[in-house]
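First, one chain by itself: the form predicted alone, in structure tokens.
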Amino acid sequence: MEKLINNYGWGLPVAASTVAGGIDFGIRIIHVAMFVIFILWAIFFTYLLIRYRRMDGVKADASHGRLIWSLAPDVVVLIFEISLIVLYAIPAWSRIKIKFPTPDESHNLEIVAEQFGWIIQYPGADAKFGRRSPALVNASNPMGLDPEDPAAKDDVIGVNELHLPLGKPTLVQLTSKDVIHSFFIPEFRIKQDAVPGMKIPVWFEPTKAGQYELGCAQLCGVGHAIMRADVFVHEAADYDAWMTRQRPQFSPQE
């Protein structure tokens, strides 16, 4: 399994999800375009400073005969930006934020953010999430699972450790206990706010087994800097073995 430190270098973090490559492509387009525009504008302004510098015996020409031509660079930039939105941004947004995988084909999780950590609920063998209640939240039951609900009997609760299978979409229902947090895995290029009182879906599909990092990208209080979790992506068989070793929240052994 790749070590976390190997995910970062001088450029973008390693791309480790199905959408990461597309996001990186857009970032590169924008950076290259801004660099080219900067160089061209610098050359153009330098030309203007030299060509139209003040000279003795030459009067300033206040006519507007060249106004249309002077707007040509702005029109070119506008066409580029509109094309980028229509041809890249809208399709990319649709793939990530509109076209969700179905629960039947996904690895389903529920994640609750709190100051300052991440609580993950894995459904057990019944593939059903147990009922939760804020009134039941305490130090030993951070998710507030209802022990009277049969669907909760085999649920597994993790804190600041997110385990995922490789080669399968993960569909997360995301919420928060207290303030707005932001679910961000840089290597997956996925970011989504977690809002109290709302259950917001977010999905991603890892493409590389390894260790990654989940951080909060929204300033959420004095402990914001330490609000992180380790993300482990396993081969399918390794994930099943890991899941088998986990104790349900209401295991009779505890």
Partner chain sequence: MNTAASTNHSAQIKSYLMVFGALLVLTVATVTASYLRLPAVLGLMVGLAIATVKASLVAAFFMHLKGERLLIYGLLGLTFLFVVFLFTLPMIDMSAIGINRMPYGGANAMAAPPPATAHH
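Note that this is a predicted model, so its numbers are computed, not measured. Numbering follows the first chain given and starts at 1.
FYI, the form predicted in complex with its partner chain isn't displayed, but the following is about it.
The putative spot formed by 122, 125 and 248 is not touched by its partner chain in the predicted complex; no residue has a non-hydrogen atom within 4.5 angstroms of it. Though the partner is left out of this view, residue 148 does not reach within 4.5 Å of its partner chain in the predicted complex, counting heavy atoms only. Within 4.5 Å of any heavy atom of its partner chain in the predicted complex lies no heavy atom of residue 159. At a distance threshold of 4.5 angstroms between non-hydrogen atoms, residue 140 is out of contact with its partner chain in the predicted complex. Remark: residue 163 does not count among the residues lining its partner chain in the predicted complex, judged by a heavy atom distance of 4.5 Å or less. Although its partner chain is not shown here, in the predicted complex the stretch 99-127 places heavy atoms of 99, 100, 101, 102, 103, 105, 108, 110, 112 within 4.5 Å of it, in sequence order.
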